[in-house]
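Single chain ahead, written as structure tokens, the form predicted on its own.
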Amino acid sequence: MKSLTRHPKSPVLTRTDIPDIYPQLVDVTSVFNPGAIKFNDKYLLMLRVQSRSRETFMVMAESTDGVDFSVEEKIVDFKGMELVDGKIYHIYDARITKLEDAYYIMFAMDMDGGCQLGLGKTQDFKSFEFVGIASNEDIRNGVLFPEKVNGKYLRMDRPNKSRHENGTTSGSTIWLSESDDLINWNPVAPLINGRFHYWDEFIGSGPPPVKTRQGWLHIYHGVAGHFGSSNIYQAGVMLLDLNDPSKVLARSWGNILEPRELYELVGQVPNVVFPSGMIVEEFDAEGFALPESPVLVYYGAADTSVGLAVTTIHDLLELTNQ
């Protein structure tokens, strides 16, 4: 069984890389689960940074090579979020998608009624607009497709219908949903279910899908919950039909990345690799990822640091059938 290869400098970001941002972020607890995009030849991460009060904020980081990052000394401010009716306790786990003429960020928002999906927008990654709440139920792991399919905006999401033994809500089904305006969404079809007794009993989407000649390539996370001492978070991959993404063409049987290194095994939440950002380097003239293209996968490690694994589109496609 092949797997993703950890970069020799992984983890690429730890709590000590985060500057003090007064008054919210001082001597932070952790940094993890980043959204990722390449913009103007720079590698950008939208980091989930956790304070000593266990509040989470988003902070941008920039790199020229995708490995060595500098972190901005300010918190991402989504203009308009202050107008939301209801208290927002945390925002986290950004997924970034280039769609039409803008960059959209879909993220989780913890509110009194559960987790909602927030939608942000930017043109330059300097100023950010809050577009709105794009859900009406307890739901997480929303990821946008990078283009309309059959005239509809599409996303994958994961309704929180299950509960771990520790009380946190989760889900065992990834759904395909569609929208005309990016705010009001309707479920289309379930895509994959958790496979109980195996590595991916509970599941959720990772980075946004990538368009290849073979189909929409998508990395997801799975949680093995049948071990008495810990939930184990891992990564898998699947392939969806280009013209009808409700059709699953292939899915890896085993995981393609699992906690093995000390920084993945030990931390705020032990035994976690959580893929959330992916950068594909090379596309053809029609927007399809090239098979030989390098791929950088950024993931949260033990909810404490940011790991980096590398692969190629070709190898990821091969992994869907293993």
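Start at 1 with the first residue shown and count on from there. Since we're looking at a predicted model, the values are computed, not measured.
A second form of this protein, the form predicted in complex with ligand BMA, is not displayed here; the remarks below concern that form.
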property	result
Selected contact from F125, Y104, Y153, Y92, since only one has a non-hydrogen atom within 4.5 angstroms of ligand BMA in the predicted complex	Y92
Position in contact with ligand BMA when the complex is considered in the predicted complex, options L290, V26, V269, V67, heavy atoms within 4.5 Å	V269
Stretch in contact in the predicted complex with ligand BMA, which is absent here, among 30 to 38, 59 to 67, 279 to 287, 256 to 264 (heavy atoms within 4.5 Å)	30 to 38
Contact flag, D17 vs ligand BMA in the predicted complex, heavy atom cut 4.5 Å	no
Interface membership of H218, ligand BMA in the predicted complex, 4.5 Å heavy atom rule	no
Members of 289 to 303 lying within 4.5 angstroms of ligand BMA, judged by heavy atom, in the predicted complex	D303
